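Presented below, as structure tokens, is a lone chain in the form predicted on its own.
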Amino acid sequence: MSFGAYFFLAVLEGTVSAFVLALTALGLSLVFGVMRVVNVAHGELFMLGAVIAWWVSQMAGDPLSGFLLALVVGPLLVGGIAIAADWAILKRVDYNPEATIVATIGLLYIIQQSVLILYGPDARAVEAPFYFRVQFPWFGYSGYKLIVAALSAGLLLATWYLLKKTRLGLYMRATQYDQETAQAFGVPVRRVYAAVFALGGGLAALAGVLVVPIQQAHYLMGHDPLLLSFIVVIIGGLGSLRGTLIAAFVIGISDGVISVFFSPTLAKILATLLVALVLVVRPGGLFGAKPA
């Protein structure tokens, strides 16, 4: 293929990755923005979504039924686990920023080792719910990957609607702006925290369900999504949803292009260097609030 064809393929791959990354990083950004909690276990919630999708697909038998069922069961189960973790762990340490980092590191290992015991160490494939190829002038491209991008875009729009047009979204924005004032006006802050942690986990699980037919379900697959989500959130600005989305597309597309023409390792190195540069020039991130 010509350079133009390779570049178009790289942009396509990067765009699909960017949508999934935006969905994953948005959950991490919401949790930090509202709760001021750095959830180190966020990648394991992504991994749980993928593993649950494998279990559901095995029980359903039919790939399409299993996929549709996993889109419902995955985020619900992971959201329930997130609510239980909020009640059993984060609430007990009073959402102290330093303590929650240690607590979520512990949660990471609890989830990871539990999946290792119950699921095993092997990477397992999940059959895509449908197969078709979209024919471009130079090559055919996976239709499922384009569906993943479209579904991710729809879920991002649904999350935006939840945040901007619903009472829960109003409560979340009020809590993010000033917790004490929100509580004084009757906002149930602790319930909002539980809902936000569940929403963040559910978004990560949805990303895992969407991506597992492209990758394979594995108990260590949460590492890369966690690293890239942190990179996106730091560059975009902690707590900034607009910054998270923009940074996800910058990192996702550049990662796709660099991975195709050079290597995935170089893409991760350059993304990490970009984080360091942003932290030096603008510690709050490109779209985060300026420090007082």
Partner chain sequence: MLTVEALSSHYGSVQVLRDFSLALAPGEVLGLLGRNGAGKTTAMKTILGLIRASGGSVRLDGVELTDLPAHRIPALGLAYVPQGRRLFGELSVEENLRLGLMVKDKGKETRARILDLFPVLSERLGQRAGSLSGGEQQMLATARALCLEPKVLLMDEPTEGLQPSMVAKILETVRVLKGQGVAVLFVEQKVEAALAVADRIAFVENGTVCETATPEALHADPAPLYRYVGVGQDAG
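Residue numbers count along the first chain shown, from 1. Quick caveat: nothing in here was measured; it's all calculated off a predicted structure.
Another form, the form predicted together with its partner chain, is not on view; read the next lines as being about it.
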Heavy atom of residue 186 within 4.5 Å of its partner chain in the model of the complex: yes
Can you check whether residue 71 is within 4.5 Å of its partner chain in the model of the complex, heavy atom basis? no
I'd like to check something about residue 98: if you look in the model of the complex, is any of its heavy atoms closer than or equal to 4.5 Å to a heavy atom of its partner chain? no
Are any of the heavy atoms in residue 170 no more than 4.5 Å from a heavy atom of its partner chain in the model of the complex? yes
Heavy atoms within 4.5 Å of its partner chain in the model of the complex: which stretch among 137-145, 104-112, 172-180, 154-162? 172-180
